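Let's start with one chain on its own, the form predicted on its own, as structure tokens.
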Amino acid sequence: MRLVILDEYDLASEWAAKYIRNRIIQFKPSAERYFTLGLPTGSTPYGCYQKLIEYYRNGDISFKYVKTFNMDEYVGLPRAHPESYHSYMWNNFFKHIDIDPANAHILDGNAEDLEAECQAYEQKIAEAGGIELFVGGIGPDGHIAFNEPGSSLVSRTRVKTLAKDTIVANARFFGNNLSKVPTMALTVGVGTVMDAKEVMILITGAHKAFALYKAIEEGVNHMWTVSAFQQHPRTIFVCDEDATLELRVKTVKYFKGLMHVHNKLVDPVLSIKDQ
């Protein structure tokens, strides 16, 4: 497990975007060998997506041979609704890069058979060769994707009823009208994300500080589903200073010391392009 601490949100977003860019470059994707990327939605990854768009426009990266799988989607919300995750991804990322729309996979929350949709999604991931890098964000209660507190840590893609705290937190996107917020979603499982070869979790803001503490300083607990990634062999938590407010001083110093060593030795991924 690795914790990367940047001074503020924009720097954390830039670091994450460079890491994604350089992992794709290092992989050398082609028509015979696609890079498979898991992606989140929400306010946290927005800055990362803006930087990736910038790198694409500068000619630093192509997404022509990249396949993406998004983490989740609301049930019953029209795909064209401005708050659907389909709309979020296309408006904030996909339409600005050269990805083939057929390679951008998002769960269909309006499928006639939701269970079959979830099973088919798992099959598509398997057929793509699994996820090389799964990028995720978390909620203040430590949930990743829509794996709410109490979710199984070996769960697969499924239909999930949203916790009241999540519904209240998402109300700001629906005019603060709780009655308009979807109460169910399709989501990849914790086990689905754990199967990825590498996981990068973005955690920014003081309101996520307690969740970061639970994620890395306490034991694995299904009430804080993000804590499962302590057990993944290649997990990187990327955060800003505000998100570290609940961590022990010695924890912060330890990981900042590791960052200094990584930078001195030149990180094998980040060295492909500037750090």
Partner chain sequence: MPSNRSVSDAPITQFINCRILRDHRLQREDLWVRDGRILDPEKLFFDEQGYADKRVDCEGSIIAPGFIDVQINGGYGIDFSQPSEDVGSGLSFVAKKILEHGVTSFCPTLVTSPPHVYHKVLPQVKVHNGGPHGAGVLGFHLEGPFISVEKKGAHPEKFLRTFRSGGIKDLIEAYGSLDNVAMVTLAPELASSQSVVRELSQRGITVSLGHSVANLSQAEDAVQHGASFITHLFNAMLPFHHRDPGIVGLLTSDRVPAGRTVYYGMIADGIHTNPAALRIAHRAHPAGLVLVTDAITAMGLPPGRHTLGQQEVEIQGLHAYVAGTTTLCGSIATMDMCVRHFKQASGCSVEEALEAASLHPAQLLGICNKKGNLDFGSDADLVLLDDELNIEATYISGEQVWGKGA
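Because the structure is a prediction, the values reported are computed rather than measured. Positions refer to the first chain, counted from 1.
There is another form of this protein, the form predicted in complex with the partner chain, and it is not shown here; the text below is about that form.
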{"property": "Among the candidates N110, T183, S87, N170, the residue which, in the model of the complex, approaches the partner chain to within 4.5 Å (heavy atoms)", "result": "S87"}
{"property": "Partner-contacting position among E115, E127, D165, D100 - heavy atom within 4.5 Å of the partner chain in the model of the complex", "result": "D100"}
{"property": "In the model of the complex, V199 touching the partner chain (heavy atom, 4.5 Å)", "result": "no"}
{"property": "Partner proximity in the model of the complex: A104 to the partner chain, non-hydrogen atom cutoff 4.5 Å", "result": "yes"}
{"property": "Contact of F94 with the partner chain in the model of the complex (heavy atom, 4.5 Å)", "result": "yes"}
{"property": "Proximity to the partner chain in the model of the complex (heavy atom, within 4.5 Å), stretch among 200-208, 172-180, 79-87, 151-159", "result": "79-87"}
